[in-house]
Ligand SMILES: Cc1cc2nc3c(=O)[nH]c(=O)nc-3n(C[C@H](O)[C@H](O)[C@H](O)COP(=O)(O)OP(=O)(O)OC[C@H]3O[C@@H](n4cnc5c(N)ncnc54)[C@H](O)[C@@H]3O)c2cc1C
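Only one chain is included here, represented as structure tokens and corresponding to the form predicted on its own.
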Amino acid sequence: MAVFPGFTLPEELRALRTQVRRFIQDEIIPLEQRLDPDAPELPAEDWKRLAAKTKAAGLWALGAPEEYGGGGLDTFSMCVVLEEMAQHRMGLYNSGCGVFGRYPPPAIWAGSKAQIEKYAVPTLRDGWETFFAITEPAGGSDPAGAIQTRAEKHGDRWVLNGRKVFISRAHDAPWGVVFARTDKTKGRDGISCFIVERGTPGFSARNIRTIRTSAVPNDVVFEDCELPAENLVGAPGQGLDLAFDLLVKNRFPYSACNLGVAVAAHRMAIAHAKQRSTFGAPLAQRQAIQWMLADAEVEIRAARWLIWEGAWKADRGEDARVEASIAKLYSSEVLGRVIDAAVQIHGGYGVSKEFPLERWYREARVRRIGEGPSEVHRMVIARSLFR
């Protein structure tokens, strides 16, 4: 979908954004209000019903290639839409509870036609969960040096041994991709990508409890886990190139979800400040509250521009690695500050289960770690300044 200079949104994209907004207001938010506030996900029957509605409305898998049943939206357009998709209680989980579609790890698109047909197509069609296993106990932000999980070739089989940590959905996803070292003498060029199915002998996963109520991560172990040769994605040694391509491109949609929840929290804070009175006057008339809301508004607008600029650059085929780090760093930290202000303005209600703020507050803390911690992104940005 073409984007005009100056980021003037095409009418088609604005209409799509409005359609998503109405679906969330009419279908998702009323359902969430009937669930336990800490429900990790929608009940299966509700998920299937809502997924069927998004498919019928043409809202399913909007970011997937059209030839595989998706909407074919570019990164910029998906960022615009995801900002809306995130604006509800479960909004930081899988872009709207997954009722708008779930996506396979992008590394699969570098695989063979047989791999795409066997794994990617049914994932898009049926909304399967998948996992992406790269982080290890020795350090997740330096995969080139930290990956110790190894894959050794024995005849027509690969044998995996090692451990991954904080891998979302590995306990129940039908399949995922795992990055392992195939040549210990080649550094980053000695890491490859493999498809691993749940239930493969030697593969096990246990839940790790965190402050989040959704997207439960797992500790994953591979013990003589045998894979057929055709489960190698791409060429041997291509793993980190595939991983980094995913990480850079995914940081813009990830940032857009951060922005969407910040927008929702900010809207709630404004509404509460207008309705709540203290000492005979609405909170909205208190300068301290006004400045908190004004600062939040400035940061939200700045975050949106950084996300849009970076996504636009990525869609043009330009190197957007620094822009991706800037967008992810700023949006995740803005999210935390905006929610913190909203909680403060709501007072006791801000930390009650009656409102989604306390859940967003906990989940926002994780967003400064996921997709690379803030410190690593600052390092990436700083390096670019001295090149």
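Small disclaimer: the values here were computed from a predicted structure and weren't measured. Residue indices: 1-based, along the sequence shown.
Beyond the structure shown, there is the form predicted together with the ligand, which is absent from this document and is the topic of what follows.
**Q** Do all of 107, 124 and 246 end up near the ligand in the predicted bound form, with near meaning a heavy atom within 4.5 Å?
**A** The answer is no: none of the three residues contacts the partner (heavy atom, 4.5 Å cut-off).
**Q** Report the residue, out of 187, 201, 139, 228, that has at least one non-hydrogen atom within 4.5 angstroms of the ligand in the predicted bound form.
**A** It is 139 that has a heavy atom within 4.5 Å of the partner.
**Q** May I ask you to choose, among 175, 222, 166, 312, the residue with a heavy atom within 4.5 Å of the ligand in the predicted bound form?
**A** Partner contact (heavy atom, 4.5 Å) among the options: 166.
**Q** Is residue 272 near the ligand? Define near as a heavy atom within 4.5 Å, in the predicted bound form.
**A** Answer no; every heavy atom of residue 272 is more than 4.5 Å from the ligand in the predicted bound form.
**Q** Hey, in the predicted bound form, does residue 132 get a heavy atom within 4.5 angstroms of the ligand?
**A** Contact with the ligand, yes.
**Q** Within 4.5 Å, heavy atoms only: does residue 375 come near the ligand in the predicted bound form?
**A** Flag for residue 375 set to yes.
**Q** Does at least one non-hydrogen atom of residue 115 fall within 4.5 angstroms of the ligand in the predicted bound form?
**A** Output for residue 115 is no: heavy atoms all beyond 4.5 Å of the ligand.
**Q** Looking at 99 to 107, 275 to 283, 291 to 299, 167 to 175, which lies within 4.5 angstroms of the ligand in the predicted bound form, counting heavy atoms?
**A** One stretch meets the cut-off, namely 167 to 175.
**Q** What are the residues of 347 to 366, in order along the chain, with a heavy atom within 4.5 Å of the ligand in the predicted bound form?
**A** The stretch 347 to 366, when checked against the ligand in the predicted bound form, contributes only 366 at the 4.5 Å heavy-atom cut-off.
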